[in-house]
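This document opens with one chain alone, in structure tokens, the form predicted alone.
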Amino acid sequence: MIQLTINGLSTSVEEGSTILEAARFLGFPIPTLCHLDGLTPSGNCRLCVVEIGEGERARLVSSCTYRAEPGLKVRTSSERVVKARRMIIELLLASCPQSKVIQDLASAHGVRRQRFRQEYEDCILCGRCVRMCEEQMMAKAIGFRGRGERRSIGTPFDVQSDVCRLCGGCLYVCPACQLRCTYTEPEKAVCGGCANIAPPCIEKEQFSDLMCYMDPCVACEIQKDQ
């Protein structure tokens, strides 16, 4: 067993466990997008970032791919982590603003604007479909192509694959295809139609190393009942 600390709480996890698995075991919520139970973790979207280490050596890592280490100190909701997640969500909105999955993430994390050039693309290159096709359907009909700005997902040479069974598994796991947001003003990247009231405790938190991670937030529930 490996001993580590998450948000000030000591815990033991089996060797080979990821930080994401350890945090979920303790009940600390970490948002994910490219990660899907049953598929190999890839860390493509970086939404599950957490902060490890202390002082100047502290750094952000993807919790779905980073393995737990003895004595590791993890913060799942520090000020640095929250800012990074919000920026990642803004970038996702720039790529696929009509994805309800991404719009729900924006609402849940207090993202009310998007500062990057709008692209209105349908693919965010999370790789869920590629891993589903290869690992669950055993087909390898699709894959990543190109690099950088030209990176895309499809079949080699855009020729219909002879191993594709038209099972629809790729569509089933795609966050851009599952549901489409129906807002009527595409110029506005953030719909806000599903936005919740922002937790009152987050911006007032005295310690930047640990912000609100409760879901639902206890302070919000108390305020709502009064």
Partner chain sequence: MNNKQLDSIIDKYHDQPGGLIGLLEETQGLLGYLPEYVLRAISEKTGRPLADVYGVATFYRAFSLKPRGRHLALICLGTACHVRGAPRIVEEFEKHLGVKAGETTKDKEFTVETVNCLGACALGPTVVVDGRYYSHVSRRKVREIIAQTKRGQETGDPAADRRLVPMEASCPACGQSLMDGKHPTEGRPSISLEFLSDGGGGRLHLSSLYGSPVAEWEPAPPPSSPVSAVVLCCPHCGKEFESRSLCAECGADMALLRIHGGFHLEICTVPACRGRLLSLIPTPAEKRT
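Since this is a predicted model, take the numbers as computed values, not measurements. Positions refer to the first chain, counted from 1.
There is another form of the same protein, the form predicted together with the partner chain; it is not shown, and what comes next is about it.
None of 67-75, 83-91, 144-152, 121-129 except one has non-hydrogen atoms within 4.5 angstroms of the partner chain in the predicted bound form; the exception is 144-152.
Not displayed here, the partner chain is kept clear of R112 by more than 4.5 Å at the level of heavy atoms in the predicted bound form. With a 4.5 Å cutoff on heavy atoms, D162 counts as touching the partner chain in the predicted bound form.
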